[in-house]
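Here you get one chain, nothing else, as structure tokens; it is the form predicted alone.
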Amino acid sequence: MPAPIRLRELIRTIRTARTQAEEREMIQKECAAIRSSFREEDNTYRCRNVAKLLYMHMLGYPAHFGQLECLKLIASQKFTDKRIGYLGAMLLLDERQDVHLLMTNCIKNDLNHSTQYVQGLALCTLGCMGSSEMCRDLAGEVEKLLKTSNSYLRKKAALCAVHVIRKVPELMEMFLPATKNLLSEKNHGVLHTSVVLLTEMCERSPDMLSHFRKLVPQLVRILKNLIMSGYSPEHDVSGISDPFLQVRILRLLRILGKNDDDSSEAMNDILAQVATNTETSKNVGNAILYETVLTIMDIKSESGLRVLAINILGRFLLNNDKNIRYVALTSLLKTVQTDHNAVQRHRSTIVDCLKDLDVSIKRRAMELSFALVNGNNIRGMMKELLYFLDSCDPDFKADCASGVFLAAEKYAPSKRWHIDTIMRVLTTAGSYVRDDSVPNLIQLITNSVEMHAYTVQRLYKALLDDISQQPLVQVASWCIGEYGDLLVSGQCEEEEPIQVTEDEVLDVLEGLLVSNLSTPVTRGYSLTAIMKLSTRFSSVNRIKKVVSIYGSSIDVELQQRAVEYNALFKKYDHMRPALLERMPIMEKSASNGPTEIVQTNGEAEPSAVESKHPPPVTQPTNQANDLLDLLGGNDVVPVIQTTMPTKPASAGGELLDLLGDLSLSGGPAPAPAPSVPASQPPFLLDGLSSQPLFNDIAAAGIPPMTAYSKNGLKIDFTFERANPNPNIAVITIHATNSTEAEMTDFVFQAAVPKTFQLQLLSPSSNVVPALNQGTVTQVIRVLNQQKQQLRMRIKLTYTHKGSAVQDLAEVNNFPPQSWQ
């Protein structure tokens, strides 16, 4: 048989292929020749054939038929054969294939070989693909080589020991005596690998961590020698002595100094020296400085050292390299909670990063800017962030608008400034704001009594300019409906009043009803606003005409509203002024309590129930008990939904079912609605009784508790006692998120034993903002007639950084006052 072609010739031939098909044909032809050679047990050219096979494997073609040939090469006595054999084993074999176990004896023999290079090959292979069985069998040989005087073998043995520890952690103590002596080695390669081994052991075992803390002075001495040593061509990289070893030592010091005062104190001086003496003109120096900053922030360092670290990050922000700027912003974002004042000094540089062309840097700068906002700089920071909101890409607008809302709510210097800021956001990015921004702004406006005239005038002007931003149009419609009389009378004192007639106001609202830009929800707001104006304007006949026209609208929600408003004119005209009077000041907690109408659109009249409430549907029992299936166990009862499964025949009863007897006390049902003649359709207002819709909730002085804290998500429970039924505990959950990314699609579910009854109301939002910048609340009502100790199973589902997360927990440590 002719001699096979050399590897160099094969590479040259394959590169001449013009098409993929031509290349495949060449590969198949060569593979066939290699297979024939393997079958003939050709020892002369086995090494050459395996080398060619490895090249084909690197190109993505199958090469598994060469696995056993690699083992034969490893068993050979020639070094060139062993070298190709071990390389093939590392590429073609892994621990999932039983073939690799056949290598164990060969590797053991080679670890005891007289030639250091053969021993090095065996160590590399074991450290690359050794299984847990191989590691157990060969750990003794590796430990012997760690104690040898040959630095070439010691560094390879140290890296192999790292792999052994990862595969079989219980063998860690075997390497403990040999590891202590490695740090006294002068060879940088051995030092580097020994630090890697120490780091691995400290990360995997708290006992090892406490044991190796006494090595901190020795590590500090090695690092100091590196900094102070002169030029050494063997280890010099851009004027810095062995930066790779410096970085590894800094990482190990970070692990050893975390939560330990003595170790942190021992390394404070050397960290300050590294931070001040390292050259920053080259990227190598910046890498060392970055590791130094991370170490300073993680250990219990002095305040002056932390300020120095933050100033280094501030210098990074001025660097031309985008990666360095991004790293600086990310690090500052992590430290802003603990060293707020130090980060504030670099506020102007951070704000300048908002203008960067790189989207990743812009996003980090935006997140950090919101974290820096406080009561002292709110006006200046909001000015910059609103300018950024105007000019930023659509991808940023939703997060930026949400951040402005949260910051304005927390630090607003005045109510007028607060209202102006939110209106500016709605004007520039209204289509991107979160769903809860409309009810939140409505609540803010309602509670700012002295600003009503000013607000309605500003919103009316905004409507004349632009009706494309639907949240802005919804808020404006609501305000005109509530305070239209103030707009027409020109009572605005904050700015020059405008002259507006009643007809002009109604023209604008009617224009919203017919506009193609208006969504169904916006049309509902507009129709309700027109209806409210029937008690504030004199043009009642015109309003009646508009309402009657929409009684036959194709939009079911709009039609229902119009029909009910029509009935209000005809059957209940004496009740109309009382039902459509101005909203009272809203309590902040109302948006999270049972009053879901306030949370939805800020309107109190019964006619304004939004279409988000699903129509009454009788559900099968297995659907009602979904939570039982999800949480498991047979001692829990399903959640009682806010909307009851079955409804009375009267639509007036529907309202009472939605908003009325929520006490779950098992007492008598609400008074039945009066009978309606069969010829007339039932209306939502029929059957309204004089009883209050909600029980008053009184604080019972019960201490709050943390029910869940994991992966940055924290769930706190606060408690109140419902009146007049003391057997009902009202639990409000407060969900916060300390991670850097918001948690979306957040759903909280709960179940209790059969002796209790539980009712979950709607949450305030399904998005938990990042960095504790907002809270999602939800109310739970628990009926405990037998006064038993409360137990609860909870299920949490949410999406975080693109991944769906689901977790179960059991809460048994409720305060006694909450159930006694």
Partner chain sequence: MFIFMLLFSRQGKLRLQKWYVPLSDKEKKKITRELVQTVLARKPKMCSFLEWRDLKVVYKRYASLYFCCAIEDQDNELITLEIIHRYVELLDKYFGSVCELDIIFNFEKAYFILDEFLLGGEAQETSKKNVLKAIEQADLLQETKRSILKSII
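Numbering follows the first chain given and starts at 1. Every value quoted in this text rests on a predicted model; they were computed, and no experiment measured them.
Keep in mind that the form predicted in complex with its partner chain is not shown, yet the notes after this line are about it.
- For the options Arg561, Arg458, Lys155, His100, the one in contact with its partner chain in the predicted bound form, meaning a heavy atom within 4.5 Å, is Lys155.
- In summary, among the residues Glu203, Glu450, Asp207, Glu496, the only one with a non-hydrogen atom within 4.5 Å of its partner chain in the predicted bound form is Glu203.
- Heavy atoms within 4.5 Å of its partner chain in the predicted bound form belong, among the stretches 734 to 742, 262 to 270, 140 to 148, 82 to 90, to residues of 82 to 90.
- Its partner chain in the predicted bound form is approached by His235, whose closest heavy atom lies within 4.5 angstroms of it.
- For Ala476, no non-hydrogen atom is located within 4.5 Å of its partner chain in the predicted bound form, even though that partner is not displayed.
- A residue is said to contact a partner when one of its heavy atoms sits within 4.5 Å of a partner heavy atom; Ala51 meets this definition for its partner chain in the predicted bound form.
- Interface residue remark: Tyr387 is not counted as part of the site for its partner chain in the predicted bound form, having no heavy atom within 4.5 Å.
- Annotation for 371 to 392: no interface residues with its partner chain in the predicted bound form [heavy atom within 4.5 Å].
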